[in-house]
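Before any questions on binding or motion, here is one chain by itself as structure tokens, the form predicted on its own.
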Amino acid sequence: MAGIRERQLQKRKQETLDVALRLLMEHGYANLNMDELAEEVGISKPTLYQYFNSKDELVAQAMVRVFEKMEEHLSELSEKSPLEQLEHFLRLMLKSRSEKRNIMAQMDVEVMHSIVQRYPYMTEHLLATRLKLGQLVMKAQAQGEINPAIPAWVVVNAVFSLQGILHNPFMKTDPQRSDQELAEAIESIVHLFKQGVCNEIPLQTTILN
């Protein structure tokens, strides 16, 4: 009986995190209202605070949920080649950011840094995701898809950094882009990534020139 109740509580908690993610992406961290969240989920505010001690803990666990979904998505792409998996993952993240469905793009850098410092398990989950991406890169290098002269961690960092082209958190007044412009930009960024990591010119020569 206790096991059933625990599973029900976990299910409701996951549902709460999913709603919280949607509200965070729609309204941002500053405008996330715990009363509104409790009402949408269909629970009382005291029950909400039984799940999460604070708004920041809620955000931290919502971020972990994002990383878990990233890992689940990577697992679903296992039939593709390593480079195709990386390309698909990058395109998915870019599309998410272009549609403002990327929680990290919606949060102030200082706020995010503060939450990460207080809830280190966020970093652990991010590192697990990056480790899986790194393993994909090394497989792609072993199969001749990616230049083996480029360190795997550099390729992984490129996957995350290129997302900032669509939305730079340090630029508060990014110009509005049309859907067509964003779609073209996503394909251009993916092309840029592939050209960079698949380049067969010796890395040392490239740096010297």
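Quick caveat, the model's predicted, so the values are computed rather than measured. The first residue of the sequence shown is number 1, and the count goes up from there. Between two forms, the rigid core is the largest collection of C-alphas that superpose within 1.5 Å.
Another form exists, predicted together with the DNA; not displayed. Remarks below refer to it.
Exactly one of the stretches 45 to 53, 180 to 188, 140 to 148, 64 to 72 approaches the DNA in the model of the complex with heavy atoms within 4.5 Å, and it is 45 to 53.
Proximity to the DNA in the model of the complex, defined as a heavy atom within 4.5 Å, singles out one entry of 32, 41, 60, 152, which is 32. The shortest heavy atom separation between residue 12 and the DNA in the model of the complex is within 4.5 Å. Comparing the forms between the shown form and the other one, the C-alpha position of residue 191 differs by less than 2 angstroms, with the core used for superposition.
Here residue 118 counts as shifted, since its C-alpha moves by at least 2 Å between the shown form and the other one after the core is aligned. Comparing the forms between the shown form and the other one on their rigid core, the Cα displacement of residue 148 stays under 2 Å.
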